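One chain follows as structure tokens, the form predicted alone.
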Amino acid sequence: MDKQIEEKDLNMKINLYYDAENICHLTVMGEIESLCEEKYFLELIEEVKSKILHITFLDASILGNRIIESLYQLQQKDSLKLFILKAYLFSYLYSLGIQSKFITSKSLIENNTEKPYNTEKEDVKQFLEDIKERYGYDYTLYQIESIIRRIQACMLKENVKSFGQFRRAILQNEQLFEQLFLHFSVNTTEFFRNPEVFYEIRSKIVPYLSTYPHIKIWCAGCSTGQEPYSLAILLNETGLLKKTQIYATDINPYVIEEAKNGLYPLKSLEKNIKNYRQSGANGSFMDSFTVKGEYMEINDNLKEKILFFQHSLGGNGILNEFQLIMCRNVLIYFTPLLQRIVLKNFANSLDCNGFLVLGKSEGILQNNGHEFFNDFNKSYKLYKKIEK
């Protein structure tokens, strides 16, 4: 009986039918969350792969590796058309060379009739308090000017002129919030970004790490995973990966799932290889990947050493005891007060001789960071925890 209920649920979530022209239509409601759902979806694709197939993803924002590989292979045979509702999934698939049609063009916010008024700071601050209470995401100590710019970008994208209307729509519709809050997180990253920093890690910090029987590293604000994977590549080449566990966190759940996939477009390969070489490496960047069409996949031995999970620096406090924490280009979006809170949490999360690496435009002068850290290499924003 339980198996029948399960099959009925799967059929409701992943529906297959043929139209009058014998075109096979596969409609997916929501995220494909379980291995059972993924298996069922792939089995349906296998059954109809010889036919013309139209797949529509409603409300899915991310897909797993096996599904992406199947979609890519089908599209190469010109037997597949994809229709996507969520902008994040549309952009993600496009970056990997999978073409689809974005099936919504009208504003997500209806009845746009109110008179416009400006996004005043106090109104925005109250809005952030409301978001914290309603959804649990705390942006109240982010730089208010940065938040206002992103809200205005959301409003412009949705052709909404009234902040009051925008605010009510977000607070009343959780799916709408999930779609638009992505504007609040910046996901600019690349492999071995600022290679001179990785050179310093390789030459100055790796010898220190090598003295430990087990190494724990935290990449905070990991975005789509290029930074923790860069560290894994570096540690693999220096013989330390086998005794290392990397924790990689971000507030955005979609980029975490993307990072877990470990799939990256080939179009940025030249820049990645240049960064890799400038970081002091003398191997081959592509030894860490398998090429699959227009994208590449990180090797399993590197994936296995990284634990990706959602985490908010503003609200979740201390994690574990690390020898190295990397948090680059995240603190610039926080107020000095939140920066100090985060730096204190980092200090409390580090081994007594642990290191912290910040971003190019960040430091520890304006947020009382010298209470917790000494300069190790000020030019490259490397700091060492103060022993107490």
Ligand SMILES: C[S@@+](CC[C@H](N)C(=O)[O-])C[C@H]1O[C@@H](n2cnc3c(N)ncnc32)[C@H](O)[C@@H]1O
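Numbering starts at 1 and follows the sequence shown. Values in this document were obtained by computation on a predicted structure and should not be read as measured data.
If you look for the form predicted together with this ligand, you will not find it shown, but the lines that follow are about it.
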Heavy atom of Tyr247 within 4.5 Å of this ligand in the model of the complex: no
Arg193, heavy atom within 4.5 angstroms of this ligand in the model of the complex: yes
Touches this ligand in the model of the complex: Ser268 (any heavy atom, 4.5 Å): no
Partner contact for Phe163 in the model of the complex: this ligand, 4.5 angstroms, heavy atom: no
Segment assignment from 76 to 84, 283 to 291, 207 to 215, 307 to 315: heavy atom within 4.5 Å of this ligand in the model of the complex: 307 to 315
Contact assignment for this ligand in the model of the complex, among Thr189, Thr140, Asn299, Ser95, heavy atom within 4.5 Å: Thr189
Val28, Val330, Ile67, Leu53 - the one with a heavy atom within 4.5 Å of this ligand in the model of the complex: Val330
Candidate site Ile325, Gly354 and Phe376: all three near this ligand in the model of the complex by heavy atom within 4.5 Å: no
